[in-house]
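Presented below, as C-alpha cells, is a lone chain in the form predicted on its own.
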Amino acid sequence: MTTKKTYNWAVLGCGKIAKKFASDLKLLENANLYATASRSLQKAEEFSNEFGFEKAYGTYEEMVNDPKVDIVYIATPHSLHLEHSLLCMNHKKAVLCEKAFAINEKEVSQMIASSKENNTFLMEAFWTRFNPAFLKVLEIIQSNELGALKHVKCDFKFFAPFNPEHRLFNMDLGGGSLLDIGIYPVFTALMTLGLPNEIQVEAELAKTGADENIEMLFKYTNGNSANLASGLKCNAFNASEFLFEHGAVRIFRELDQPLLYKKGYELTSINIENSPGLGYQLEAKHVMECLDKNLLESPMLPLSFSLDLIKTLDRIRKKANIVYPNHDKQ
C-alpha cells in the first residue's frame, strides 16, 4: 500500500476563518500544520500554539521564504488576496485563497496569469463545491430523475451591526455582503444553471458604500431563472432550493441538516453522510490530491470558473453601483 505524501501547510492571516480552517486541517493525516504568518508575531504565535503549528512568522515574507512550506492558505481580507497570492506564487508556493478570490476581474486575471507563469497551483477556497449535500444536488441534476432544473432560489443573510471600520462595511477591505456571503448564492446559480444572459439587481447601500442588502434575479434565454439574495440586516434560513420539472430539492448550509427531496407530491428527507469537521478539510484534501497528480488547477473548481464568477460579480456590482475606489480604477 502506497503512503500518501505529506504536505506542509502554512496559514497566511490568522483571523476567524483561518481558525475554522486550521481546526479542520488537523483532521487530515497527510496535512502537516507547519507555519502561521501574521503582521503581528504575537498573533501568529498565539494561533500557532492554539492549533499546534510548528512555526510562527511575524511577516508574510519570512514565511514564503521558508523552503519547507508547500501550500499556503490565504485568509486575509478580499482586498489583499491579489497581493498575497502573487507573493506566494512568486515564491513557488501552491495557493488556496479564500473567496472572494479577489476584488474584480482584473485582479483575478493577474492571479491566474501568475499561476501559469510560475507553474504553481492555485485554487479559490470554495468549500461549498465539496459539500456532500451540494454534490448530491449536482448528481440529481445530472441524473434527470426530477426532469430539467428550471429555477434556483438561494439566500445568505445574517445581522451585522453597522461599523464603518469593520471589514464588512469598510470599502478599503472589500466590504459589503456581496463579496463576503452573496458570492455563495451566485456560485450556486453559476454551478447549476450556468452564466445568466440577463441580471437584474436591487441593492441597499450603507453610508460607506457597502451593500447591506442585495437582491439579484438571473434570467436565461431558455426560460430558466434564479432568485438570489444576501444581506447584513437580518437573519435567514440560508438555504438553497432547486426547482425541477417534476420535483424540488432543498439543502442548508449546516452539514448536519438533511436534504429535502420532493418528487411530485411526495416529500422525503435524505440524510447526507458527512465526515467530521466543518467542511473545510474537504477542499484541503482536494488540493493535496491535485498536487499528487502535479495539477496546476482543480478539475472540480477550475480557474475558468473562478474567472466567470468574478465577472458575474462585477456585472452585479456595476448595476448596484458598488465601487471599491482603490481597486476599480482603470
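Numbering starts at 1 and runs along the sequence shown. Since we're looking at a predicted model, the values are computed, not measured.
Form predicted in complex with a small molecule: not shown, discussed below.
Put simply, of Ala100, Leu122, Ile214, Val186 only one has a heavy atom within 4.5 Å of the small molecule in the model of the complex, and it is Ala100.
Only one of Phe134, Phe169, Phe244, Trp127 comes within 4.5 Å of the small molecule in the model of the complex through a heavy atom, and that residue is Trp127.
None of 172-180, 105-113, 233-241, 86-94 except one has non-hydrogen atoms within 4.5 angstroms of the small molecule in the model of the complex; the exception is 172-180. Every residue in the set Lys43, Thr76 and Leu80 has a non-hydrogen atom no more than 4.5 Å from the small molecule in the model of the complex. Using a 4.5 angstroms threshold between heavy atoms, Arg39 counts as touching the small molecule in the model of the complex.
Heavy atoms of Ala10 never reach within 4.5 Å of the small molecule in the model of the complex, leaving it off the interface.
Although the partner is absent here, Ile316 sits far enough away that none of its heavy atoms falls within 4.5 Å of the small molecule in the model of the complex. For Ile17, a non-hydrogen atom is located within 4.5 Å of the small molecule in the model of the complex, even though that partner is not displayed.
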